[in-house]
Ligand SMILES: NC(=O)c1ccc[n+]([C@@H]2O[C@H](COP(=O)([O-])OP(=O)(O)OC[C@H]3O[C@@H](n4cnc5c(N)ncnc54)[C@H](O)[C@@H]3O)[C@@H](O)[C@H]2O)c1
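One chain follows as C-alpha cells, the form predicted alone.
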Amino acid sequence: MTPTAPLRVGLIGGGNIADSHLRGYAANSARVQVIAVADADPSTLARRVEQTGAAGYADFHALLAEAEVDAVDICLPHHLHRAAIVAAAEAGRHILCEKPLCLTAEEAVAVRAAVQAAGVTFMCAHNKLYLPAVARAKELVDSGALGEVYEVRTTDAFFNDFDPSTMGWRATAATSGGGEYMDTGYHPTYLLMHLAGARPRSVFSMMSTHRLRFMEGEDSAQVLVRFEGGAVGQIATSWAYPRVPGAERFAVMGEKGSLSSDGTTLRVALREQEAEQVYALRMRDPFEAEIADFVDRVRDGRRPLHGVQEGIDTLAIILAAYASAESGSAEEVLAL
C-alpha cells in the first residue's frame, strides 16, 4: 500500500450490518475500497459480490490467504468474532470489528494477545462515538468544563419487531452471547464508559424479558456501574419498548454543571452561566465517519478511539452485569 493508494479491505461477513459499513466505504471511495468479501451463505455472498464487484470467498481463511488486502472489516455473528480477529491478526491485517469484541473473558485475552503480537491496528466499530453530539460532549468533559464527573446516563431502546422466523442467531445465547444487552445494549455501555473517562469497578443490574419471550436471554436491561474515581453510570436499554419521548440518549452530571443530548442537539448547563448553551450540530452518518477514521488510523498509526482494551473493558462490564442479574448482588468487574 503506497501513501496515496486506497486502503484495500476485505469484508468478513455480509449480513445486515454490512449495509451500513458498505455505505461508509462508498462515501470514502477515493481512500478505501472493498476488494474481497467472505460469507458462508452462498446467496449473501453472491449479493455482496454483485454489490461491490469484489472477489468472493466462502471462508474468511481463504480470503486472508489469497486476497491482497491491507485490512479486514469483521461483520460476523458475535460467536465468530474471536476466531476471525485472531486469524486476521496472525495474517498481519489491520482490523475493524463490529461489536461485541467477543463473548468471554478467555476469548478477550486471546484476542488481545494476538493483536499485540501482530502489531496491527485494531479498532472497535463503536459507531456512536462518531455522533457529533458525542464528540462535542467528550471534548467538554475532557476539558474540565463540568469539573469532576459525578454521574453519566445512557439510553438505547426501541421496539424490536423480531419474531422466531427472523431473529436468527440472535435468538440463542450460544451464538449471541446473551440477549439484548450484549447486542444493542453494547452501544450505551461503551458510550457510558467513554463519557465517564474511567475504568469500571463494579456493576449491579436487573435483566427482564417483557415481550420477546421466544428468545433466550433478556429483551431489556437496567445497569448501574461504579467507575474508578467514584463516578456512577446508569444504563437503560431495551428491545421491548421505544425510548420515552423527551428522554435523553446520554447525560453527564458534574460538580460545575451538566450536559445532555437527544443524539443530535447538545445542551450544556453550567452553574456559572445564566443561559443554557444549545449546540444544534450538523449530523453526519456515523458509519461514514467511522470508516474515514479507521483509514486515518491505519495510515498514520495513531491509536483508535476505542481499541482492543476498550472493547475488553466494555465486555467486562457486560459480563459483570450478567453475573449480577444472576446473583442479585453487585459484582466486581474483572480486570482483564
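In this text the structure is predicted, and so the values were computed from the model without any measurement. Residue numbers run from 1 along the displayed sequence.
If you look for the form predicted together with this ligand, you will not find it shown, but the lines that follow are about it.
Among heavy atoms of Ser327, none comes within 4.5 Å of this ligand in the model of the complex.
Although the partner is absent here, Leu80 is a contact residue: one of its heavy atoms lies within 4.5 angstroms of this ligand in the model of the complex.
Not displayed here, this ligand is approached by Asp41 to within 4.5 Å at the level of heavy atoms in the model of the complex.
Not displayed here, this ligand is approached by Trp169 to within 4.5 Å at the level of heavy atoms in the model of the complex.
A single residue from the set Leu266, Ala231, Ala71, Leu76 has any heavy atom within 4.5 angstroms of this ligand in the model of the complex; that residue is Leu76. Comment: this ligand is not present in this chain, but in the model of the complex one of Lys99, Arg112, His194, Arg249 has a heavy atom within 4.5 Å of it, namely Lys99.
The candidate stretches are 88-96, 180-188, 215-223, 252-260, and the one lying within 4.5 Å of this ligand in the model of the complex by heavy atoms is 180-188. Contacts with this ligand in the model of the complex, taken as any heavy atom within 4.5 Å, map within 104-137 to Asn127 alone.
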